[in-house]
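The chain below stands alone and is given as structure tokens, in the form predicted on its own.
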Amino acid sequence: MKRAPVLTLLLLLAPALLLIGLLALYPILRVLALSLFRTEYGFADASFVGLANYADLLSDRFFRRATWNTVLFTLLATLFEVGLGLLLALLFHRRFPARRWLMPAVVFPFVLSTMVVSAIWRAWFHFDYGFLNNLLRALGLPPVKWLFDPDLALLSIVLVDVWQTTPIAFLVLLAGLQAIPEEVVEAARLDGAGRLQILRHITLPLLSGHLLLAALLRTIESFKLFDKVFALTGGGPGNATETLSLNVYRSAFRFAEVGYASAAASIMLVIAGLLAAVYARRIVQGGRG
């Protein structure tokens, strides 16, 4: 079989490469370039400042707080979503009478738009009439200012994100469980291994690639958090829930500091790229092992 010439392969790939360049590479390069300028819109009114925007970011307490909020949210959301997704996957991997009816109910929050989810939870978080505070009152506990307490607001958004996006981790891990050969599990049972031993020594090691994939998907998505914060708290109270994405949005569209916002976006891009590279390397190493 003759190998296709390199030129032919490049011509076949040209439309896809052109599309990727226009939709992905060009915006990234433009943002990186704008981060080196002081500008309110584009290059027409720009003045070159080098790395001054990055230096200003590092000394900006609002940016530092937004970075901390983003990192904390990403860690908590990823941990709870992957952990809960694993528990649900282990539960639904077994057959039980109501399985076919409960599966759609578990996945249902993920198919809702974020604005709908935010509206639902904003009603549930209401101090006087919300479902959560009414439940607390029924249990004899005091109501909570979910979205207005600086110590609880970010955790409340984590709760919303866990409710909506745990299903994606659940589906990834359930697919991984179903890919584990049943013969391996049966052999371990014949050797006298109990459920916990099978889980620890067989299921989790064979599921490691899917666990990393679920963690990668949820980490990158959580790191970009914008819509839930914008809809539920607007970054408040104070800046207790302000994230990097919201910080970039405000800098660019409210204060018209496009160069400054581009520098912040560039830092986000680098962090997200490093996270993706670490996860991807672990997944590839696991696949080779």
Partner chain sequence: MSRWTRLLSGCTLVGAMLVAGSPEAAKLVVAGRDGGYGKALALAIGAYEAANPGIEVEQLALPYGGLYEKLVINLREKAGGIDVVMLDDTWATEFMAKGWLAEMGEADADFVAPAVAVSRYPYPDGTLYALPFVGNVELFAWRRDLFEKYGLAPPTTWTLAREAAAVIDEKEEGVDGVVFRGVKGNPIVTGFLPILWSFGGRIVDEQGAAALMSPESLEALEFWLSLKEYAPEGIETYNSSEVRDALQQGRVAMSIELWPSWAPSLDDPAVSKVAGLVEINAAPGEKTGPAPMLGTWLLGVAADAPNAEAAKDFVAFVTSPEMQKRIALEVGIPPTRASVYGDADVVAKYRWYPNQREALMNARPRPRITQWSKVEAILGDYLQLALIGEMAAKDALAEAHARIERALSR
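It should be emphasised that the depicted structure is a prediction, and the values quoted were computed from it without experimental measurement. Residue numbers count along the first chain shown, from 1.
In what follows, reference is made to the form predicted in complex with the partner chain, a form of this protein that is not presented.
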item	value
4.5 angstroms heavy atom contact with the partner chain in the predicted complex for P150	yes
is_contact(Y249, the partner chain) in the predicted complex, heavy atom dist at most 4.5 Å	yes
The partner chain contact in the predicted complex: D128, any heavy atom under 4.5 Å	yes
G238, heavy atom within 4.5 angstroms of the partner chain in the predicted complex	yes
Position in contact with the partner chain when the complex is considered in the predicted complex, options A256, A33, L58, L51, heavy atoms within 4.5 Å	A256
Residues of stretch 39 to 71 in contact with the partner chain in the predicted complex (4.5 Å, non-hydrogen atom)	E40, Y41, D56, D60, R61, F62, R65
